[in-house]
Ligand code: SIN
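We begin with a single chain expressed as C-alpha cells, specifically the form predicted alone.
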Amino acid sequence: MGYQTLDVEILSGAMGAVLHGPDLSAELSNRTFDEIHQAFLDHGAIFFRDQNLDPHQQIAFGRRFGPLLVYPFMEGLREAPEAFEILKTETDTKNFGGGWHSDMAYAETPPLGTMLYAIEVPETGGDTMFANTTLAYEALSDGMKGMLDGVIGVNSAALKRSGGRAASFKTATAMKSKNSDQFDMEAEHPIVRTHPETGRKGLYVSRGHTARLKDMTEAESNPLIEYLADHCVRPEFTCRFHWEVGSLALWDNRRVKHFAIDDYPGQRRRMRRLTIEGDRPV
C-alpha cells in the first residue's frame, strides 16, 4: 500500500520494516495507526527508532492492537503488570529467548504479537533475528505440504530440548520467575496454521516448544520437527534487527519466529516486553 503518514524502510526481502515518523508516546491518529497496522501485516515485524516510552505509554500503544496478556512465568512490573523486563546483567551466562521460537506456543491461545522496547543495550551485539514462517511454508514441496495437512503439534512450556525452563531461569539471576508449578503447560496446535487476517498458511513449529507430534512418540516426531525447525530459519526467510536505546519492535507471533542472539558477554541488556492477546491457531 502507499503510506502517507509513515516512511517505511524495508529491512530484507523476506520481512521486516523500520517505520519512521510516528511518536508512539503521543496519541496516534486513526489513519496513522491504520497504516502501522497494515505495515505490521505486510512485513511481519515492524520497528521504530528513537522512542521515549514509559511502561504506560508502551501499554497504551500495545492495546491499539488488542487486549494484553500477562506472561505466566515472569513477575510483571509493579506499576504495570502487563509488562515485564528482560534483563541480562554483566554476570549472567545465558540470555532469555536465546533460541528460535514463537512466543507461548504452549498456550491455548498464543499471543497475536510481542512488543519489545530497548532500555539498555550492549555496546556491541544483542541483535534479534526474525524468520517468516509463511515464506518457509510456501517454499515446501507439494508432497511435504500434503503430508503436513492436519498434523498436530504438542507444544510444551517445559523447554525439554534446552534443559528445562527451571534451569534456564536459574541463569537469569536478575529476573524473577513465577508459577513454576505450571512449567509443564501444554497445548495442541496445527503444524500448519492459517493466518486469521491474511488467510495465508505458515509453519507453526519450533525445536524448543514442539515436544512431539500428536499420536506419535518423541522418537518418531523428532526428525520431522528438526527438519521443519531448520527449514523455517533458512537465511532467505529472515531479517536481523540491531537495537539502540529507544528502539521498539512488534512482531506477528502468528507468522514469525525470533531468536535473541547471545553474543555480548560481560555487558548489560535490558528490555521491556508485553504481549498482545491472540486466538487459537487453526
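For clarity, every value in this text was computed on a predicted model and none was experimentally measured. So that there is no doubt, residue numbering starts at 1 and follows the sequence shown.
Keep in mind the form predicted in complex with ligand SIN is missing from the figure; the text below concerns it.
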Just checking whether Phe96 would be counted as a contact of ligand SIN in the model of the complex - the rule being heavy atoms within 4.5 angstroms. yes
Find out whether any non-hydrogen atom of His101 is located within 4.5 angstroms of ligand SIN in the model of the complex, and reply yes or no. yes
Just checking whether Phe237 would be counted as a contact of ligand SIN in the model of the complex - the rule being heavy atoms within 4.5 angstroms. no
Contact with ligand SIN in the model of the complex for Leu116, defined as at least one heavy atom pair within 4.5 Å: yes or no? yes
Out of the stretches listed (62 to 70, 22 to 30, 253 to 261, 49 to 57), which one is close to ligand SIN in the model of the complex, meaning heavy atoms within 4.5 Å? 253 to 261
Using a 4.5 Å heavy atom cut-off, which residue among Ile86, Leu148, Ala187, Ala211 comes into contact with ligand SIN in the model of the complex? Ile86
Which residues, if any, of 120 to 139 lie within 4.5 Å of ligand SIN in the model of the complex when only heavy atoms count? Thr128
